[in-house]
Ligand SMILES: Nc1ncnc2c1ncn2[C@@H]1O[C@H](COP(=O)(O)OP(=O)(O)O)[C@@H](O)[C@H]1O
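This document opens with one chain alone, in C-alpha cells, the form predicted alone.
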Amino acid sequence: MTMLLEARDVHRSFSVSSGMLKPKRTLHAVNGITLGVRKGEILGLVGESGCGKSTLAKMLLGSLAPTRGQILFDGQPLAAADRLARARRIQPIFQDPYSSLNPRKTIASIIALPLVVHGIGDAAERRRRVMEQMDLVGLAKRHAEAYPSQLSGGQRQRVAIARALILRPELIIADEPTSALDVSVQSQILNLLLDLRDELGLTYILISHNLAVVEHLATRVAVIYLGRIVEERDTDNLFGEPGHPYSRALLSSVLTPDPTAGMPDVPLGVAFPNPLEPPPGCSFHPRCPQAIAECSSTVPRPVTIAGGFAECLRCRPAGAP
C-alpha cells in the first residue's frame, strides 16, 4: 500500500515557566517520532495522558509546526500546503461532540460550513450534499433544522463525522472519538467509522486511552511513552504478545468483565514520568519491573519483532532463538 502520511524524526518542544524569577525550562512533548500511515489503514496511538499523543496529532493535522523534523503528506511537505488545501485532505474528529459544535447553528449549517469556507457550490448544491451526508452517517432528515442541544450525544458525534467528511478528505485524525459517549452508543459510532472507511476508502489515525476501542478498530498500533514510540506493531501481534514492558503494563490495566478477576495489577509504580526531567538511558526504566543495570545508561534502539518493532534492550529480534 502507498504511504499517505509520514513523520520523519519529528520533535516538538515548549518553553515552560518554572515560577517567578526562575528561568524557563524546555519540555520535549514529542521527542524523535518516526512513523508512516499507509492508505486504507487505521493507526492507533495509545499511551498515558501527557505522553505526546495530542501534540503529535496537531502536527499531523498541520495546525502545529514541528520544532525539528519533517511531515510529508502524499510525498510532499505538509508545511508547504496552504491551510485550505490541508483541510481538504485531512480532517479531525474531536473528542467532545458537546463542545465541538456551535450551539447557535442548525445541524445543516454546521455540516455545510466547510463547503462555505471553501466556496464549494451554491446554496442548493450545499443543501443537497448536506442531505446526502446526513443519510450517510445515519441522521434523519428531520434533524437538519434542529440544534445540537436537541440531539443525543451519539447523534452529535454523527454530526461531527458528517462535517469532517463533507469535503471527502483522505485522512481522518480522530482524538478519543467515543470517550464522551455512553457505552451503549460507542459501538454504534465505531461500527459507523469502519463502514465509512470501507465505503469511502478512508485512512484513520485513532487516538484513544480505551484499548478495547483500539483493538476493535486499528490495524496497527503505536505505543507512545514520554514523546517516543516504544512499540509499533500490527494489532494482532501487539495485543497477542506485547514486546515492550510498557505495552504489557497498559494491557494488564484493562478491566475485564470477569467478576472474579478483581482489580488489575498494573506494575508501573506510583511515580508518574516527568517530561521536564526525563531519566537517562531508557526513559521507562525507573518504572520497569524488568529493568537491568544497562537500562539506566543505554538508550535502546528499535528491535524488529513479529509485526513491527519495540525499543527495549530485553527484546529478542524476530527469528532469534
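The structure presented is a predicted model; accordingly, all values stated were derived computationally and were not measured. A residue's number is simply how far along the shown sequence it sits, counting from 1.
The form predicted together with the ligand is left out here; the points below concern that form.
Chemist: Do residue 16 and the ligand come within 4.5 Å of each other in the predicted bound form, heavy atoms counted?
Modeler: Yes, contact at 4.5 Å.
Chemist: Hey, in the predicted bound form, is residue 51 touching the ligand, heavy atoms inside 4.5 Å?
Modeler: Because a heavy atom of residue 51 falls inside 4.5 Å of the ligand in the predicted bound form, the answer is yes.
Chemist: Given that the partner is absent here, does residue 286 sit within 4.5 Å of the ligand in the predicted bound form, heavy atoms only?
Modeler: Heavy-atom contact with the ligand at 4.5 Å: absent for residue 286.
Chemist: Check residue 275 for me: does it contact the ligand in the predicted bound form (non-hydrogen atoms, 4.5 angstroms)?
Modeler: Output for residue 275 is yes: heavy atoms within 4.5 Å of the ligand.
Chemist: Could you tell me which stretch in 290 to 298, 277 to 285, 66 to 74, 24 to 32 has residues with non-hydrogen atoms within 4.5 Å of the ligand in the predicted bound form?
Modeler: So the stretch in question is 24 to 32.
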